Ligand code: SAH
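The chain that follows stands alone, in the form predicted alone, written as structure tokens.
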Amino acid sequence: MTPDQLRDAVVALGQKPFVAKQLAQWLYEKRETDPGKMSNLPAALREKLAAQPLLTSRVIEADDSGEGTTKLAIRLHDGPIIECVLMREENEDGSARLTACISTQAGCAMGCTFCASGMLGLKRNLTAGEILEQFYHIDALLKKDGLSWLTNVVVMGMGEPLHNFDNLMQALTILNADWGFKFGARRITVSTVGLPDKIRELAKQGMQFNLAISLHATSDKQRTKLIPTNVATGLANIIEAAADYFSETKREVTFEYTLVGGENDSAADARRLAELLRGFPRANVNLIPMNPVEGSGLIAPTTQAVEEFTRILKQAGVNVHVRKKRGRAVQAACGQLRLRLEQQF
């Protein structure tokens, strides 16, 4: 809830309006969900808050890769399962880099052929509260490990974030606000399959999020094969919207490119990608060697193909990074853990 919504809620429970600020400090700044520990709240309010859990979801499985990545499967109150991920890394200066990857939908309607998130279709959007609850579950992991609060957030889990725009913006506003989690917008990355109108709407929000666009192809024919919804958008429109986003926000745009063996990982693909992004201001390319998804019929690229693709992009002056393979032991592809658990029931 926003401050105004919290104020209305506590007044409806018979409390003074100023109590809302105290409650917000407990919920957001201190990330406390046990009303019994909210010591400066009136006893009557604590009793009412304790009558039902403040978190509506629960962790049903936590898979640890042994290399710093923990994936949580979370069951929502009405049954669907979502995923979120905690990635623990070390920066060059030795400081901890703690990144949360969160979901915005239960399932996904985009139908990307290399992704497990949409294999069971879209069940529903998450509420703003359900998006934020993932942070409480991840915070519990951090506390267990004796680690401090997160340094980065990527909205890159299950679902298409811009397909759930209003709830996403309410959650990110609370995450960013001084009265909320106080998490800097420049440390938040919103990832999208590429919805041009929504990209432009995001740019108008006045918040300096980083933007990541799942490109994954160098022609519309190729992209529509991998991402069926591309038929309604097209590469040129997506890249134009990305340029508009940069123009409005001056924030970095990253183009995600999942390398699929024999599909989009050739030297010719690399040259077309470099040409496609020629002249784009401050663009980064993040190459992601595909994690195999059972039933997709797609395969991972060879090490040689990844290295050659990278070499060609660098030679063309493209700022490129290859994402380190992490968590294959925990079914690292988006939605794989959730897919397995859903199929058990």
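Start at 1 with the first residue shown and count on from there. Since the structure is predicted, the reported quantities are computational estimates derived from the model, not experimental observations.
Only in words, not in the display: the form predicted in complex with this ligand, which the text now covers.
Legend entry - N230: touches this ligand in the predicted bound form, heavy atom cutoff 4.5 angstroms: Judged by the heavy-atom cut-off of 4.5 Å, N230 is well away from this ligand in the predicted bound form.
Legend entry - Contact label in the predicted bound form: C115 to this ligand, heavy atom within 4.5 Å: Yes, C115 sits close enough to this ligand in the predicted bound form that at least one of its heavy atoms falls within 4.5 Å.
Inset, instruction - Determine whether any heavy atom of M290 comes within 4.5 Å of a heavy atom of this ligand in the predicted bound form, and answer yes or no. - result: Residue-level check for M290: yes, a contact with this ligand.
Inset, instruction - Decide whether E256 counts as a contact residue for this ligand in the predicted bound form under a heavy atom distance cut-off of 4.5 Å. - result: Within the cut-off, so yes.
Legend entry - D265, E83, E133, E160 - the one with a heavy atom within 4.5 Å of this ligand in the predicted bound form: Partner contact (heavy atom, 4.5 Å) among the options: E160.
Inset, instruction - Select from the listed residues L172, I74, A242, V193 the one whose heavy atoms reach within 4.5 Å of this ligand in the predicted bound form. - result: For this set of options, the contacting one is V193.
Legend entry - Which of 208-216, 181-189, 234-242, 89-97 lines the interface with this ligand in the predicted bound form (heavy atom within 4.5 Å): That would be stretch 208-216.
Legend entry - Residues of stretch 28-56 in contact with this ligand in the predicted bound form (4.5 Å, non-hydrogen atom): Heavy-atom contacts to this ligand in the predicted bound form: nothing from 28-56.
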